[in-house]
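Shown here is one chain on its own, the form predicted on its own, set out as structure tokens.
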Amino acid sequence: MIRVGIVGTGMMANQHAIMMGKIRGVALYCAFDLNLESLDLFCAKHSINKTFQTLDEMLADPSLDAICNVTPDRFHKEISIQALKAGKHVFCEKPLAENYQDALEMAEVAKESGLINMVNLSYRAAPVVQKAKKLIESGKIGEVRHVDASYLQSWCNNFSWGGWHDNPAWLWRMSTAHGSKGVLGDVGVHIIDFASYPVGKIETVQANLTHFPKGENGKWKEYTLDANDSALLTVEFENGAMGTIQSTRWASGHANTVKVSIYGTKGGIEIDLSKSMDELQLCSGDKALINHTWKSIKAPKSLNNFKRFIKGIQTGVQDSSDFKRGAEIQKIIDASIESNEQGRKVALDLCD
């Protein structure tokens, strides 16, 4: 039995508890949060009986095997490193850290520990993403030339997920003072990973980031709403392909739409996860290219991230969605922020 503890009992922690609770051979062993009211409600909801006064006490428990780090971004580094040094496997929410140097330090500690470490890059587990990677590697669409990727949400001007005005879970995502990297760090992490995982490393980025007026003079309660809520990135891949990556919280009519199109010298792949997680569109072959015809391709099932993490613990085999990958994406985020501030293209050091 693998005993898992939840650190941080906010909104996303519920998904972690539900998904971990469904895995055979896993027990929701304990939870910790400085907010005792949130902790009590969370434990009652998920039938967790064991809590701790401090994180140190929790990590010192020899019965605990792994933690889910579901705290706000600014606490990811300290808690994850502390857990790894205490001998616990770590499944961390995204983005891995507030900046690349912190993420790199986390990756180095994780590597030295020999423990399983993973970042919750949500859409990496989608069957179509794995299928797209295999199709590209097999040469089905030839050499990749152009990538178009977008992640669209609308909770800045739509209340289908509840209003942000009275919910700290949304408000901190709008405030750089509360550790947010804006939409770029929130969902941009996912679309950057989705766009590059099947294609290859991103070599350069040029970005335009902005936030639009919200609240009263840009403030709401104790929050200054200055984090970017629209991001436009133009990227160059190591293999020479060009790409556009965009994310926004102002896409009216889109609760959570994720699309990636990848075009090569011999065909193209189009994916819309809001329509299907296991079916993509493929245009490949001379006849299809001449007639511009597409066919649906069904992808085989794949494990979700929670099962992949547990499988890693069971087998001792590290998954590719590790802290190293989290650090690579954080480097792209940092480069995007630098590009926006300086108004120029920024090259990434691929040797790290």
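All residue numbers refer to positions in the sequence shown, first residue = 1. Values in this document were obtained by computation on a predicted structure and should not be read as measured data.
FYI, the form predicted together with a small molecule isn't displayed, but the following is about it.
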The listed residue (S180, N120, N117, S247) that reaches within 4.5 Å of the small molecule in the model of the complex by any heavy atom is N120
Partner-free chain; cross-checking the small molecule in the model of the complex, the single residue of Q130, S196, T71, S150 with a heavy atom within 4.5 Å is T71
Only one of 164-172, 135-143, 198-206, 274-282 has residues with a heavy atom within 4.5 Å of the small molecule in the model of the complex, and that stretch is 164-172
With a 4.5 Å heavy atom cut-off, would you call G188 a contact of the small molecule in the model of the complex? no
Open item on the list: Test of understanding: in the model of the complex, would A17 fall inside 4.5 Å of the small molecule by heavy atoms?
Closed with: no
message = Even though the partner isn't displayed, in the model of the complex is G5 close enough to the small molecule, meaning a heavy atom within 4.5 Å?
response = no
(Q) in the model of the complex, does F32 come within 4.5 Å of the small molecule, counting heavy atoms only? (A) yes
